[in-house]
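One chain comes next, on its own, written as structure tokens: the form predicted on its own.
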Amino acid sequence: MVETEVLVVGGGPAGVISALTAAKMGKKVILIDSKPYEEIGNKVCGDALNLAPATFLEEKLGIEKPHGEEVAENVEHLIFKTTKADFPIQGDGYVLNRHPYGQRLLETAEEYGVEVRTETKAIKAITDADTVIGAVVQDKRNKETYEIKALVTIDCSGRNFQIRRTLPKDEFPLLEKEMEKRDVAVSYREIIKLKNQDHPYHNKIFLIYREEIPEPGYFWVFSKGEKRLNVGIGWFLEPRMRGMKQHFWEVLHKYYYPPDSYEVEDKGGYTIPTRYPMTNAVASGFLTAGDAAFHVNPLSAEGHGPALTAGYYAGKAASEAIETNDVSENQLWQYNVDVMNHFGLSHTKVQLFTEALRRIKVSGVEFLLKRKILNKEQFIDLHAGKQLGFFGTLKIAIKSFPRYGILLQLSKIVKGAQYYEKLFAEYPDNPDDYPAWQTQFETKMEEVRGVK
């Protein structure tokens, strides 16, 4: 058996920043990851990173923003595109070379004293009544299984959330234990290098909606530097659809680059949770962050930035709880408050927007953009869940004739956003008041998503 103050499961962005933060605050930290050391930070997805989280880490932890070989391209715009129209949204950030950036964060964590145990996978949580006290882990090299006891365990194990899923339901009633198939996106992407000409996609990320792509889903294109592109396709796991690679090649070769015009440098598929965040991500002795806590943007599927941000809050909450000699659910609750205030509301609003897109489909998106039913400012406001105003709504109603179903979906976004703004302003500061708040949240979300 091994003992520590903080155990972090997973060496992705949320895990490394959780560990780094706690270590910088003077805590003894063990970070485990199932990969070899040199592979930590290397991931099929997660190349895009907004500027705001990088700035946040620099301000809070003094971690320098991505630079040098870590950056394949700077990003200026995110562009929604259909066959008939496109709509740019300002979006400063980076296209990363993920591996060197992840390795730098890992090395920085070690400099602050984090003990990194590689090729070590989590098996299950260890609990004592209603408190998490560590995890059973296995060294993949010699198959040795042993326990790591910790005052606080932080689950950053990604889409499989290995610690949270093994917690007894009756002892942790406020924690979600499962993820619905409708909240999982499946994707396939390739990094390609053009043989001759450069490409026209510099400084932009395109999310492209086409009739050939099963709905709801999109094709994406963004630059990885001169003559290099990240191209991919994704849609939700449910309803179940097959032929992802075939759809990918059909779109890529028909509309962009024929097979003989490029070479493939890397390829792979992955699944990712794309849903509003867990509204409670703590229990006594336990926190969860990143993909394991559904911290991915529900529309763009960008999870790197939220993971970094949540990782900081998790490491901070764990450290402060240990300093007070109280790792109870109540003491760790501030982590929930921080995450909900930082991006919980905004991601919930984006969920509303995503649900509307699922219903109006590609033809509806094209109708909105081509007929200029929404101008740029209104589109951005709608994406953010802001009020459009009476006259703006009236103009949309007139332009939407005869497709008033689209207007209904836009109305649901605005009304839902207003509801959640009020609800999140009343997010509880303690776990005792959470069940009543959660009931209100889920009732409205089920209504928006068509469950009720």
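Numbers follow the displayed sequence, beginning with 1. Here the structure is a predicted model, which is why all the values come from computation and not from measurement.
This protein has a second form, the form predicted in complex with a small molecule, left out of what is shown; the following refers to that one.
Remark: of stretches 127-135, 258-266, 218-226, 174-182, the one touching the small molecule in the predicted bound form is 218-226 (heavy atom within 4.5 Å). For the three residues 29, 108 and 315, a heavy atom within 4.5 Å of the small molecule turns up in the predicted bound form in no case. With the partner omitted here, the residue from 102, 93, 158, 344 that has a non-hydrogen atom within 4.5 angstroms of the small molecule in the predicted bound form is 158. The contact with the small molecule in the predicted bound form, taken as any heavy atom within 4.5 Å, belongs to 35 out of 60, 412, 35, 65. Although the partner is absent from this view, residue 417 stays clear of the small molecule in the predicted bound form, with no non-hydrogen atom inside 4.5 angstroms. Taking the partner from elsewhere, residue 279 is found to have every heavy atom lying beyond 4.5 Å of the small molecule in the predicted bound form. When contacts are judged by a 4.5 Å heavy atom cut-off, residue 14 counts as touching the small molecule in the predicted bound form. Contact check for residue 271: a heavy atom falls within 4.5 Å of the small molecule in the predicted bound form.
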